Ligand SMILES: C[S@@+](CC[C@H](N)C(=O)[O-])C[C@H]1O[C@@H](n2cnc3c(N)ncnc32)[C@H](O)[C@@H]1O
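Take a look at this one chain, the form predicted alone, written out in structure tokens.
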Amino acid sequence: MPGRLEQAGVLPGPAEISKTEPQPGGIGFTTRLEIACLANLFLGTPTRILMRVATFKAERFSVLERQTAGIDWELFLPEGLKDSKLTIQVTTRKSRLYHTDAVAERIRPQVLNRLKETTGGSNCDTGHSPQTLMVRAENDRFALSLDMSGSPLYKRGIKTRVIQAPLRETLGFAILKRLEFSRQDILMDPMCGSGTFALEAAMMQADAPPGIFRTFAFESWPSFKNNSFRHAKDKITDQVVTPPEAAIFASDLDQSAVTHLKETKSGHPVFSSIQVACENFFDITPPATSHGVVVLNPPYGKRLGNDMDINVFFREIGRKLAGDFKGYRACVIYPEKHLADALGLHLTPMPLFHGGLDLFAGIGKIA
């Protein structure tokens, strides 16, 4: 991200991100609000970005209420925010105040009353986007954070609908990064479904940030500098490059999936490099190239049906890849670790957690 920000002229120097450290469920970092806003725009793998508002110790509800009421909510939450547009999500662990609903019920009026008192008592519905306050209590220490992103960041603002069991964009982005996908590469996505891999790849080749087509919850905050952010987005948009011609080939047996992907990519020059067809993976002849990448998210479970043995299916996938995709860098997603043996490609397994399932992404070069 720092290099892109400097190229866009958004920052006078290196991005001011410090104190990065792994935390349960994510990574913590320290920066200015302006940079955190841009992180939502540029980062391709997070589900959401939270801004820590306060931390304190509270063993009694009276202390929780007093501490919450003393926070400057008017700096972050929009004037006129309605109760129905404020979501409070609470998790507790080893704390005296352990009842999550009770914690939320004590916090909510403190936030809304403080906001009403400091913004002149307005209660009009100004059409602001919903806001989410995340509350985590552990060993009587409370951490209150506002969700900057709004809808999860894997919702890029591109797809209007998805087919069954779609791959999240954040996972598609991470896999393409792991494969070191670049503008010099050709991508084959022969079981494309909703087109996650193809769409993410097109944006990467066009140098378009993952969040360029969507909005964020922080855009309703009083402390948000809209002119500065809009200026940054305009400069970034101006730097989006023309994607390589016919560099991404997406196909699927499901005609409805193919039709949907064609509709999704139409009207966006960023996606002009995507070629879409209704074809069987086993009938495809890929281009001969030293810069090829192939990604597959094959059907499994109910999507595969009862007539096909999954081991046989993945064995055939492995044979096809070994026979026709030699030299390609590859990723194959599979639901059970033993299926790597059926593939027979000696790919390195990368654990994935998606849709409540523990999956694997086999990654490597097809010899």
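Start at 1 with the first residue shown and count on from there. Everything numeric in this text was worked out from a predicted model, so none of it was measured.
Absent from the display: the form predicted in complex with the ligand. The rest refers to it.
Engineer: Residues in which of 241 to 249, 186 to 194, 220 to 228, 96 to 104 have heavy atoms within 4.5 Å of the ligand in the predicted complex?
Structural biologist: That would be stretch 186 to 194.
Engineer: With the partner left out of view, is Glu279 within 4.5 angstroms of the ligand in the predicted complex by any non-hydrogen atom?
Structural biologist: Flag for Glu279 set to yes.
Engineer: Give a yes or no for Leu81: in the predicted complex, does one of its heavy atoms lie within 4.5 Å of a heavy atom belonging to the ligand?
Structural biologist: No, no contact at 4.5 Å.
Engineer: Are any of the heavy atoms in Pro298 no more than 4.5 Å from a heavy atom of the ligand in the predicted complex?
Structural biologist: Judged by the heavy-atom cut-off of 4.5 Å, Pro298 is in contact with the ligand in the predicted complex.
Engineer: Determine whether any heavy atom of Phe61 comes within 4.5 Å of a heavy atom of the ligand in the predicted complex, and answer yes or no.
Structural biologist: No.
Engineer: Could you spot which one of Glu263, Asp254, Glu117, Glu138 gets a heavy atom to within 4.5 Å of the ligand in the predicted complex?
Structural biologist: None of the others qualify; the residue that does is Asp254.
Engineer: Exactly one of Ala174, Ile163, Ile71, Leu75 has a non-hydrogen atom within 4.5 Å of the ligand in the predicted complex; which residue is it?
Structural biologist: Of Ala174, Ile163, Ile71, Leu75, the residue with a heavy atom within 4.5 Å of the ligand in the predicted complex is Ile163.
Engineer: Within 346 to 367, which residues have a heavy atom closer than or equal to 4.5 Å from the ligand in the predicted complex?
Structural biologist: Result: empty, none.
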